[in-house]
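In the form predicted alone, a lone chain appears below as structure tokens.
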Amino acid sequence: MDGPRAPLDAEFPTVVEFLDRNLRPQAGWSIRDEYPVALGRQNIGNIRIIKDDDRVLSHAVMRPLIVKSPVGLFKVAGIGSVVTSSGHRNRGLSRTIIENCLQAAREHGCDFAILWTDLHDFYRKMGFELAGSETSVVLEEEIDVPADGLKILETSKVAADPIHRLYARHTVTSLRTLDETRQYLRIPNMRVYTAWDAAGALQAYAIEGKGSDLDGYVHEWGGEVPALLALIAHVRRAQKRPITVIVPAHSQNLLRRLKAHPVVVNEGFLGMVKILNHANLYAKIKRHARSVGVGGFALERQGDLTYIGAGAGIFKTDADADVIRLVFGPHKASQIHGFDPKTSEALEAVLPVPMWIWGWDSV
């Protein structure tokens, strides 16, 4: 067998054909159109394949993301499009190719990796753990929010610049170029809703659907909450079906306003996370602790043990799963260990780290 390795430029069409055949057999478009950045030629060095007799047997892709958070900038490895051809499964190929992606992520200097999957037990064996917070708000019925003074459009043929500017206002977001936003606006099977004021300025946008994924989900949005609520209400009325809005836990104002209506709220995880560079990740969190005035904050890795605490209250663990759930949530310090109230208060002033990957940037 040949690999895992990055495909040669001449092999790229064969790789895309393999993915379309195995992951999008019924779609009327290529998976490359759904993930134009992760599966574009510009990211070919982070794609991994295993071949045999010139046939692609297994594939995965890693995309490095820079995520902005109040805690600082994090380098995150998004991993996706993991697939092995049906006749070669249960031979360890997927595990081998994912481990190679993780090694590439370490070489890129990524702090941690994240992926989205239902195969939790499989990925836990490689050190991943469910973590972070995601709130899904289901609008089963229409909600009464008038769009006073707003002109609402449903079309992807809009300028990328105003959407890009609204997106950049998020406090937790992966950094994108304007060209990447333009590429995302061309994703198939996606509905783009925008709300404009009388002066022609964009006040809010909402994206529902993405290729074969996220149908019925508003997974990407931006703008001030009043305009955004009116836009979401319009999406529900226009589609005449239940719509789910995916909201980060730190977007408390939007969550409060949505919950004031008859909606169904489901709490979930951001994804499965694996720490890749403990020292770098912990150093960023400790700098943040100092910046918010938490003294004596401890987050250290010595050998296989991680020490967590503040002042005299120190907890040690050899389970990365404990650390991942504490650092990224949804667990609070008091749920991980019996810290005294003062230590719990200090830790919870710093953790969990606000973290989010928007739908367009998912891999």
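Predicted model only: the values in this text are computed from it and were never measured. Don't overthink the numbering: it's just position in the shown sequence, from 1.
Another form, the form predicted in complex with a small molecule, is not on view; read the next lines as being about it.
Enquirer: Work out which of the listed stretches, 166-174, 248-256, 232-240, 122-130, brings a heavy atom within 4.5 angstroms of the small molecule in the model of the complex.
Expert: After filtering at 4.5 Å, what remains is 122-130.
Enquirer: Might G268 be said to contact the small molecule in the model of the complex, defining contact as any heavy atom within 4.5 Å?
Expert: Heavy-atom contact with the small molecule at 4.5 Å: absent for G268.
Enquirer: Is R182 one of the residues lying within 4.5 Å of the small molecule in the model of the complex, judged by heavy atom distances?
Expert: R182: no, not in contact with the small molecule in the model of the complex.
Enquirer: Using a 4.5 angstroms cut-off on non-hydrogen atoms, would T117 count as touching the small molecule in the model of the complex?
Expert: The answer is yes: T117 has a heavy atom within 4.5 Å of the small molecule.
Enquirer: Do R89 and the small molecule come within 4.5 Å of each other in the model of the complex, heavy atoms counted?
Expert: Output for R89 is yes: heavy atoms within 4.5 Å of the small molecule.
Enquirer: Quick one: of I187, L93, I152, L276, which gets a non-hydrogen atom within 4.5 angstroms of the small molecule in the model of the complex?
Expert: Partner contact (heavy atom, 4.5 Å) among the options: L93.
Enquirer: Select from the listed residues V145, V82, L102, V76 the one whose heavy atoms reach within 4.5 Å of the small molecule in the model of the complex.
Expert: The residue from V145, V82, L102, V76 that makes the contact is V82.
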